[in-house]
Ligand SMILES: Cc1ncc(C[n+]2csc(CCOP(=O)(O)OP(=O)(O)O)c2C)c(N)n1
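This document starts with one chain, in the form predicted alone, laid out as structure tokens.
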């Protein structure tokens, strides 16, 4: 243990390093920039070879961190508040996939917009995602929360958000450090489709997240960061959080406030402590930096007559769609009988179209990966996501647009060998190019399979921006031309495709394989249109 003089940002970085972090991912933005810069300069980070390169944007940073978490190691992501808007897709979905290794998001808000477009409050994002949120009031708490948050993340299997503000991020104080923890070893998720957010699995994962909410609340009630300080003058009770607690205490000599004070440092709100201060005091003053986050929740929570009913108290179900029968039950009416589905009607899960090129891609990929081990193929959103289902069971993630490449990169950063990303041509131009750039900048040893069916097939066959451009894009981003391979996904070329995949998977750097064959549905539509056009000409 030693004592260091640190900025709030630096305290978070040091806490994460000492807490066993293996990867730091970030995009620069005031007031969060110093978190990554501190890790980059850290002797321990250098000795441990902690990943600490800047990412192309906040979205790719969080996806790569999620990939490292997938591989069982601990990762932190740092950004400013508006950066969380960029990463919102993967952020919200990562709460549903859950994590394997601990994953912590450090977000620095900027009240008064000293260097920002707005002063949004990231606590709302944490509440929206329904994950634990930590809010330090000083540099020591910033260190301790970063140090302990990986354990909290792994305890519940969800990401954890640490919310900072400008004054805390950029002011210094003495910080006592704790013992350096060992890094996690590589482990894969017990559930091989935990990270596949196809609807059937996403519904299950969302229910798992809902089931964890009571545990979050219990932990918050017991948290050492939620403290009730008694006071003699109960004409007013004060509920405060984060840096605002210091602004309160600076008004009293010796930092002794005559009023009861509830200091909040961990969310969800500790409602038993809120009830205590509410019962003891005539009025409540809420002092918080940023939006009226606590205040809005209390205005709904302090409903003495229990007049509010709905999804929170169980009157209506928390997850899934409503229907007239559910509403009838909530109204106290006799619940009508649900119409039973005849047994003859079988459940029909989605499946590849007959003749789909993706089937040939997965046949070749599955044969190839037998040599390299399971659970090393990350995927994306598109028709090819059906490769997660039997009989293929070929992919192990589907989180958000473009995440396949950056999650594969993060797993490779964690030390996983022979990692593959599968992405469609349209998804690649939508959100995969920046992810590929991250991999190029570090020459990550991953193979990106861009399954090119020359259309946006899943949504009806719209024109793909990638058509005719994929090789040039990949080469322009920086992939070496001799490691951009184009194959034709047909059964008669199966052995050739397997050989190409093996060669590129064994290459110690970034490579791209493009299986190219037009979608059978759009090809059929074109032939039908051409046939109709010729018939029309004959009749003229």
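Residue numbers count along the first chain shown, from 1. Definition used throughout: the rigid core is the maximal C-alpha set that superposes within 1.5 Å between two forms. Small disclaimer: the values here were computed from a predicted structure and weren't measured.
One more form of this protein exists, namely the form predicted in complex with the ligand; it is left out here, but the text below deals with it.
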From 196, 383, 133, 262: within 4.5 Å of the ligand in the model of the complex by heavy atoms is 383
The single option of 86, 208, 437, 298 touching the ligand in the model of the complex, heavy atom within 4.5 Å: 86
Check residue 95 for me: does it contact the ligand in the model of the complex (non-hydrogen atoms, 4.5 angstroms)? no
Evaluate residue 458 for contact with the ligand in the model of the complex, applying a 4.5 angstroms cut-off between non-hydrogen atoms, and reply yes or no. yes
Given that the partner is absent here, does residue 73 sit within 4.5 Å of the ligand in the model of the complex, heavy atoms only? no
Can residue 388 be called a contact residue for the ligand in the model of the complex at 4.5 Å between heavy atoms? no
Answer yes or no: in the model of the complex, does the ligand come within 4.5 Å of a heavy atom in every one of 28, 82 and 401? yes
Exactly one stretch in 151-159, 214-222, 418-426, 263-271 has heavy atoms within 4.5 Å of the ligand in the model of the complex; which is it? 418-426
Residues within stretch 47-66 having a non-hydrogen atom within 4.5 Å of the ligand in the model of the complex: 58
Please check if residue 467 moves between this form and the one not shown, taking a CA shift of 2 Å or more relative to the superposed core as movement. yes
Superposing on the rigid core, do we see a C-alpha displacement of 2 Å or more at residue 141 between this form and the one not shown? no
Honestly, after the rigid core fit, is residue 110 moving at least 2 Å at Cα between this form and the one not shown? no
Closer or farther apart in the model of the complex, the C-alpha atoms of residue 57 and residue 431, for a change of 3 Å or more? closer
Taking the shown form as the reference, report whether the CA atoms of residue 454 and residue 202 lie closer or farther apart in the model of the complex; the distance changes by 3 angstroms or more. farther
